[in-house]
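Encoded as C-alpha coordinates, the following chain is the form predicted on its own, with no partner shown.
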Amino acid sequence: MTEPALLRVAYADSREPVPTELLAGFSFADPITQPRLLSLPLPVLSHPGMYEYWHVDAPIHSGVEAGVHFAEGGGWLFAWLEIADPNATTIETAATEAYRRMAEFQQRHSAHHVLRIWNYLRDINQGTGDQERYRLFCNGRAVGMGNAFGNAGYPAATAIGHQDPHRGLIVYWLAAVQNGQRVENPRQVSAWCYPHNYGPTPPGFARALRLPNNLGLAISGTAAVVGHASTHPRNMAAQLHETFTNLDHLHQAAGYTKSLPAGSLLKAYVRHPQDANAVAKAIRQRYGAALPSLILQGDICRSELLVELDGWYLH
(Lines give C-alpha, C1' and ligand atoms only; values in the text may rest on other atoms or scores of the structure.)
Protein backbone atom coordinates (compact mmCIF):
# COMPACT_ATOMS: atom_id res chain seq x y z
CA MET A 1 0.00 0.00 0.00
CA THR A 2 1.27 3.48 -0.88
CA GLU A 3 2.31 5.50 2.14
CA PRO A 4 0.41 8.72 2.86
CA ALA A 5 1.94 12.00 1.74
CA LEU A 6 3.65 14.33 4.19
CA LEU A 7 1.20 15.81 6.69
CA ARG A 8 2.17 19.11 8.30
CA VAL A 9 0.37 20.82 11.18
CA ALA A 10 0.89 24.47 12.07
CA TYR A 11 -0.65 27.46 13.79
CA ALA A 12 -0.90 30.56 11.62
CA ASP A 13 -2.28 34.08 11.79
CA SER A 14 -5.81 34.19 10.38
CA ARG A 15 -4.90 37.33 8.40
CA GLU A 16 -2.49 35.32 6.25
CA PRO A 17 -3.78 33.73 3.01
CA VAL A 18 -5.32 30.29 3.41
CA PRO A 19 -2.83 27.67 2.18
CA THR A 20 -3.66 26.09 -1.17
CA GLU A 21 -2.80 22.50 -0.19
CA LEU A 22 -5.08 22.59 2.81
CA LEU A 23 -6.61 19.41 4.18
CA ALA A 24 -8.26 21.17 7.13
CA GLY A 25 -8.27 24.42 9.03
CA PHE A 26 -9.73 25.44 12.38
CA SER A 27 -10.75 28.73 13.90
CA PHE A 28 -11.73 29.14 17.52
CA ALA A 29 -14.87 31.12 18.41
CA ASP A 30 -14.50 32.89 15.06
CA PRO A 31 -17.23 32.19 12.46
CA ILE A 32 -15.88 31.16 9.07
CA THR A 33 -17.53 29.90 5.91
CA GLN A 34 -14.66 28.81 3.67
CA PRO A 35 -14.54 25.16 2.58
CA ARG A 36 -12.33 22.88 4.66
CA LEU A 37 -12.38 25.35 7.57
CA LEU A 38 -14.24 24.44 10.74
CA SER A 39 -15.17 26.96 13.44
CA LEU A 40 -14.97 25.58 16.98
CA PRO A 41 -16.78 27.31 19.89
CA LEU A 42 -13.75 27.58 22.17
CA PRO A 43 -12.48 31.11 22.92
CA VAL A 44 -8.76 31.65 22.41
CA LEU A 45 -7.11 32.97 25.58
CA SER A 46 -3.64 33.32 24.03
CA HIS A 47 -2.63 34.38 20.53
CA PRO A 48 -6.09 35.55 19.43
CA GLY A 49 -6.72 35.28 15.72
CA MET A 50 -4.63 32.12 15.30
CA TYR A 51 -5.87 29.23 13.17
CA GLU A 52 -4.72 25.63 13.08
CA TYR A 53 -3.93 24.28 9.61
CA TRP A 54 -3.32 20.75 8.35
CA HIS A 55 -1.31 20.73 5.10
CA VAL A 56 -0.89 17.79 2.73
CA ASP A 57 1.51 17.80 -0.22
CA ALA A 58 -1.10 16.47 -2.64
CA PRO A 59 -4.25 17.57 -4.51
CA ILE A 60 -7.28 17.83 -2.20
CA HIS A 61 -10.86 16.85 -2.97
CA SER A 62 -13.65 18.00 -0.65
CA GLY A 63 -17.41 17.62 -0.35
CA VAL A 64 -20.37 16.72 1.84
CA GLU A 65 -21.69 13.19 2.08
CA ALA A 66 -24.74 12.26 4.15
CA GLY A 67 -24.16 15.23 6.43
CA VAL A 68 -20.43 14.58 6.84
CA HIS A 69 -18.13 17.34 5.56
CA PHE A 70 -14.81 16.02 4.34
CA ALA A 71 -11.58 16.69 2.49
CA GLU A 72 -9.16 14.01 1.30
CA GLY A 73 -5.92 13.74 -0.59
CA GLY A 74 -2.49 12.18 -0.44
CA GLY A 75 -3.78 9.22 1.57
CA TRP A 76 -5.26 11.43 4.33
CA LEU A 77 -8.86 12.28 5.17
CA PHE A 78 -10.35 15.00 7.37
CA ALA A 79 -14.06 14.83 8.19
CA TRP A 80 -16.48 16.49 10.56
CA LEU A 81 -20.14 16.58 11.51
CA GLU A 82 -22.32 18.37 14.01
CA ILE A 83 -25.41 16.97 15.70
CA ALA A 84 -28.00 19.27 17.28
CA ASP A 85 -28.36 18.73 21.01
CA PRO A 86 -31.14 20.99 22.29
CA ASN A 87 -31.24 19.76 25.88
CA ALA A 88 -29.42 17.63 28.41
CA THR A 89 -31.35 14.44 27.69
CA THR A 90 -30.33 14.09 24.06
CA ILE A 91 -26.52 14.00 24.22
CA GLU A 92 -26.53 10.19 24.36
CA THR A 93 -28.68 10.04 21.23
CA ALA A 94 -26.53 12.70 19.53
CA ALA A 95 -23.34 10.75 20.25
CA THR A 96 -24.87 7.52 18.95
CA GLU A 97 -25.91 9.25 15.73
CA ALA A 98 -22.55 10.99 15.26
CA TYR A 99 -20.51 7.82 15.65
CA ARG A 100 -22.90 5.76 13.55
CA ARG A 101 -22.48 8.27 10.73
CA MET A 102 -18.72 8.25 11.19
CA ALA A 103 -18.54 4.46 10.98
CA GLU A 104 -20.72 4.34 7.86
CA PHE A 105 -18.80 7.17 6.20
CA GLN A 106 -15.42 5.55 6.84
CA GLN A 107 -16.51 2.29 5.24
CA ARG A 108 -16.98 4.15 1.95
CA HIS A 109 -13.51 5.71 1.80
CA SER A 110 -10.07 4.27 1.13
CA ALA A 111 -8.57 6.30 3.98
CA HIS A 112 -10.63 4.23 6.38
CA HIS A 113 -8.22 4.01 9.34
CA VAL A 114 -9.39 6.54 11.94
CA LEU A 115 -6.33 7.82 13.79
CA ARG A 116 -7.49 10.78 15.87
CA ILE A 117 -10.90 12.14 16.98
CA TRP A 118 -11.94 15.41 18.66
CA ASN A 119 -15.29 15.73 20.45
CA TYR A 120 -16.70 19.05 21.66
CA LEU A 121 -20.01 19.01 23.52
CA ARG A 122 -21.92 21.65 25.42
CA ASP A 123 -22.09 21.56 29.25
CA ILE A 124 -19.97 18.45 29.54
CA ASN A 125 -20.23 18.30 33.35
CA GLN A 126 -23.95 19.02 33.64
CA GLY A 127 -25.91 16.36 35.51
CA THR A 128 -25.00 14.14 38.44
CA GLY A 129 -23.71 10.59 38.72
CA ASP A 130 -24.32 8.47 35.65
CA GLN A 131 -26.61 11.20 34.26
CA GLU A 132 -23.68 13.57 33.74
CA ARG A 133 -23.56 14.60 30.11
CA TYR A 134 -20.03 13.28 29.58
CA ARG A 135 -21.01 9.85 30.87
CA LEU A 136 -24.11 9.86 28.66
CA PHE A 137 -21.89 10.87 25.73
CA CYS A 138 -19.63 7.87 26.42
CA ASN A 139 -22.69 5.59 26.42
CA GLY A 140 -23.86 6.91 23.06
CA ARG A 141 -20.39 6.88 21.52
CA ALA A 142 -19.96 3.19 22.34
CA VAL A 143 -23.33 2.30 20.81
CA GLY A 144 -22.69 4.34 17.67
CA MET A 145 -19.18 3.07 17.02
CA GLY A 146 -20.07 -0.57 17.68
CA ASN A 147 -17.15 -2.60 16.36
CA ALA A 148 -16.04 0.09 13.92
CA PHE A 149 -12.45 0.02 15.15
CA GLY A 150 -12.35 -3.77 15.39
CA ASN A 151 -9.04 -5.37 16.21
CA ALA A 152 -7.15 -2.18 15.32
CA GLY A 153 -8.00 -0.68 18.69
CA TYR A 154 -9.23 2.74 19.66
CA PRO A 155 -7.89 5.93 18.07
CA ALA A 156 -6.46 8.84 20.02
CA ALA A 157 -9.14 11.30 21.13
CA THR A 158 -10.12 14.44 23.02
CA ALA A 159 -13.48 15.33 24.64
CA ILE A 160 -13.93 18.91 25.84
CA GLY A 161 -16.94 20.93 26.89
CA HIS A 162 -18.00 24.18 25.23
CA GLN A 163 -20.47 26.84 26.38
CA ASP A 164 -22.03 27.99 23.11
CA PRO A 165 -25.84 27.59 23.46
CA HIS A 166 -26.26 27.57 19.68
CA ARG A 167 -23.89 24.69 18.92
CA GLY A 168 -24.36 20.99 19.49
CA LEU A 169 -22.03 17.98 19.49
CA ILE A 170 -19.13 18.62 17.12
CA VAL A 171 -16.99 15.66 16.09
CA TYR A 172 -14.07 15.80 13.69
CA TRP A 173 -11.41 13.27 12.87
CA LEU A 174 -8.26 12.42 10.94
CA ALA A 175 -7.99 9.17 9.00
CA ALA A 176 -5.47 7.65 6.60
CA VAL A 177 -4.96 4.79 4.18
CA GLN A 178 -2.52 3.27 6.68
CA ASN A 179 -3.15 2.57 10.32
CA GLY A 180 -1.09 3.93 13.17
CA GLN A 181 0.21 2.33 16.34
CA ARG A 182 -1.55 2.85 19.66
CA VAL A 183 0.53 4.06 22.59
CA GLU A 184 -0.51 3.78 26.25
CA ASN A 185 0.94 5.56 29.29
CA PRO A 186 2.37 3.05 31.80
CA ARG A 187 1.39 5.26 34.75
CA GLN A 188 -2.25 5.40 33.67
CA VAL A 189 -4.94 2.74 33.38
CA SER A 190 -6.05 2.44 29.75
CA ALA A 191 -9.22 4.49 29.41
CA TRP A 192 -11.34 1.59 28.17
CA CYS A 193 -10.51 -0.27 31.42
CA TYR A 194 -11.79 2.41 33.82
CA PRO A 195 -13.97 1.05 36.65
CA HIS A 196 -17.70 1.80 36.87
CA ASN A 197 -17.26 4.73 39.28
CA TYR A 198 -16.40 6.81 36.18
CA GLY A 199 -19.59 5.80 34.40
CA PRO A 200 -21.31 2.69 33.03
CA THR A 201 -19.37 2.91 29.75
CA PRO A 202 -15.62 3.57 29.93
CA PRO A 203 -14.17 6.12 27.48
CA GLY A 204 -13.02 4.57 24.22
CA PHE A 205 -9.67 6.11 23.26
CA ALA A 206 -5.93 5.45 23.20
CA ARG A 207 -3.55 7.79 25.04
CA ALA A 208 -1.72 8.55 21.79
CA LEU A 209 -1.30 7.20 18.30
CA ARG A 210 1.93 6.92 16.35
CA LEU A 211 1.18 8.33 12.91
CA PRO A 212 2.01 6.58 9.61
CA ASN A 213 5.26 7.50 7.87
CA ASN A 214 6.93 7.88 11.28
CA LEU A 215 5.66 11.47 11.43
CA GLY A 216 5.31 11.41 15.20
CA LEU A 217 2.45 11.18 17.69
CA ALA A 218 -1.11 12.42 17.79
CA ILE A 219 -1.51 13.05 21.53
CA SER A 220 -4.89 12.52 23.17
CA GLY A 221 -6.36 14.82 25.77
CA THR A 222 -4.05 14.41 28.77
CA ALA A 223 -4.77 15.58 32.30
CA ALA A 224 -3.67 14.98 35.90
CA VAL A 225 -4.84 11.37 36.05
CA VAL A 226 -2.61 8.72 37.62
CA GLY A 227 -3.85 5.16 37.47
CA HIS A 228 -7.50 6.01 36.89
CA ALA A 229 -7.82 8.67 39.60
CA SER A 230 -7.73 12.45 39.30
CA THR A 231 -4.93 14.02 41.32
CA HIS A 232 -4.58 17.44 42.98
CA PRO A 233 -8.29 18.32 42.82
CA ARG A 234 -8.83 21.99 41.93
CA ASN A 235 -5.11 22.81 42.20
CA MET A 236 -4.28 24.05 38.72
CA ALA A 237 -0.49 24.38 39.12
CA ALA A 238 -0.12 20.89 40.59
CA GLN A 239 -2.43 19.42 37.94
CA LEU A 240 -0.41 21.01 35.17
CA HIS A 241 2.85 19.62 36.58
CA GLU A 242 1.26 16.14 36.78
CA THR A 243 0.06 16.51 33.19
CA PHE A 244 3.57 17.38 32.01
CA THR A 245 4.82 14.24 33.78
CA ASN A 246 2.16 12.16 32.01
CA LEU A 247 3.27 13.56 28.66
CA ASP A 248 6.89 12.69 29.41
CA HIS A 249 5.96 9.08 30.24
CA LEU A 250 3.76 8.87 27.15
CA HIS A 251 6.58 10.04 24.87
CA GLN A 252 8.96 7.56 26.48
CA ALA A 253 6.45 4.76 25.99
CA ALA A 254 6.39 5.66 22.29
CA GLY A 255 10.19 5.32 22.16
CA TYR A 256 10.99 9.04 21.96
CA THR A 257 13.75 10.59 24.05
CA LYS A 258 12.97 14.26 23.47
CA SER A 259 10.11 15.80 25.42
CA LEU A 260 8.60 17.81 22.52
CA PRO A 261 10.95 18.40 19.56
CA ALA A 262 10.88 21.36 17.20
CA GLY A 263 7.89 21.19 14.92
CA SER A 264 5.53 19.96 17.62
CA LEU A 265 2.41 21.82 18.75
CA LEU A 266 0.56 21.95 22.03
CA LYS A 267 -2.99 22.96 22.87
CA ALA A 268 -4.16 23.66 26.43
CA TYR A 269 -7.78 23.73 27.54
CA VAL A 270 -8.43 25.64 30.77
CA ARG A 271 -11.70 25.65 32.70
CA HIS A 272 -11.17 29.15 34.11
CA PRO A 273 -9.92 31.98 31.83
CA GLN A 274 -7.95 33.53 34.69
CA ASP A 275 -5.60 30.51 34.60
CA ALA A 276 -4.55 31.12 30.98
CA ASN A 277 -1.48 33.28 31.70
CA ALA A 278 -0.13 30.85 34.30
CA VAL A 279 -0.59 27.91 31.93
CA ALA A 280 1.10 29.76 29.05
CA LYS A 281 4.03 30.67 31.33
CA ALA A 282 4.39 27.09 32.56
CA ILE A 283 4.41 25.75 28.99
CA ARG A 284 7.14 28.23 28.01
CA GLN A 285 9.22 27.28 31.04
CA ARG A 286 8.80 23.57 30.37
CA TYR A 287 9.23 23.43 26.59
CA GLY A 288 10.73 26.76 25.57
CA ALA A 289 9.25 29.84 23.95
CA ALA A 290 9.69 28.40 20.44
CA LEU A 291 7.04 25.69 20.91
CA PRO A 292 3.79 26.82 19.23
CA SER A 293 0.93 26.62 21.70
CA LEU A 294 -2.66 27.80 22.07
CA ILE A 295 -4.64 28.27 25.28
CA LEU A 296 -8.39 27.71 24.83
CA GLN A 297 -11.28 27.99 27.24
CA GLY A 298 -12.94 24.61 27.58
CA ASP A 299 -14.39 22.39 30.29
CA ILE A 300 -12.59 19.17 31.20
CA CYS A 301 -14.49 15.88 31.30
CA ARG A 302 -14.07 15.55 35.09
CA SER A 303 -15.35 18.50 37.11
CA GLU A 304 -12.39 18.47 39.51
CA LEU A 305 -9.88 18.87 36.67
CA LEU A 306 -8.94 22.38 35.59
CA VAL A 307 -6.55 21.89 32.66
CA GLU A 308 -5.97 19.41 29.85
CA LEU A 309 -3.34 19.27 27.11
CA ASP A 310 -3.32 17.66 23.70
CA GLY A 311 -1.27 18.19 20.58
CA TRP A 312 1.19 16.81 18.09
CA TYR A 313 4.64 15.35 18.72
CA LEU A 314 6.18 15.94 15.30
CA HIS A 315 9.74 15.35 14.09
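Counting begins at 1, following the sequence as shown. Small disclaimer: the values here were computed from a predicted structure and weren't measured.
Keep in mind that the form predicted together with a small molecule is not shown, yet the notes after this line are about it.
- Only one listed stretch (133-141, 174-182, 76-84, 105-113) carries heavy atoms within 4.5 Å of the small molecule in the predicted complex, and that stretch is 133-141.
- Remark: all three candidate residues (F205, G221 and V225) come within 4.5 Å of the small molecule in the predicted complex, counting heavy atoms only.
- Within 4.5 Å of some heavy atom of the small molecule in the predicted complex lies at least one heavy atom of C301.
- Taking non-hydrogen atoms only, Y194 approaches the small molecule to within 4.5 angstroms in the predicted complex.
- At least one heavy atom of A159 is located within 4.5 Å of the small molecule in the predicted complex.
- Contact between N119 and the small molecule in the predicted complex is found at the 4.5 Å heavy atom cutoff.
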